[in-house]
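So this first bit is one chain, no partners, the form predicted alone, shown in structure tokens.
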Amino acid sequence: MNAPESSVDAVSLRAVGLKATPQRRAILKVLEASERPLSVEDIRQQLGGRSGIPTIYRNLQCFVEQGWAESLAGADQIMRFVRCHSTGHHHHIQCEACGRTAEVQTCAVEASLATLGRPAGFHVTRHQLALFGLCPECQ
């Protein structure tokens, strides 16, 4: 699978103050190649055990902070990570049959959020929306 033009390279890593280490580049490559969210253990296995779990977690956290990846809790409550290509706010939809994930570029609930927190006295600052369905191949 060819990496899209928006893939993060060594220059992008350095541009945000991160060293372009072999581990970081390898983790990004694994995420880039997967159509499904991956657990830290999945990533470790695909790296052939060359990186430890703490190293993978630290790098994934950096990628999430940069918007290059997003963490998604599965039905089994295991946190998995998916590669993001959108530069703005977006969500993901996941196939319940095969696990394939796609980005959803729009957020239809954004306008409603301000009113949802008011009865409890909250000002909503962010949200996560989990979308599930069946992909075209599994329908």
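Position 1 is the first residue in the sequence shown; the rest follow in order. Note that the structure is predicted; figures quoted are calculated from it, not measured.
Heads up, the form predicted together with the DNA isn't pictured, but that's what we're talking about next.
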query	finding
In the model of the complex, segment of 59-67, 110-118, 29-37, 91-99 with a heavy atom within 4.5 Å of the DNA	59-67
In the model of the complex, M79 touching the DNA (heavy atom, 4.5 Å)	yes
Touches the DNA in the model of the complex: G48 (any heavy atom, 4.5 Å)	no
Contact test in the model of the complex: I53 vs the DNA, heavy atoms, 4.5 Å	yes
Partner contact for S12 in the model of the complex: the DNA, 4.5 angstroms, heavy atom	no
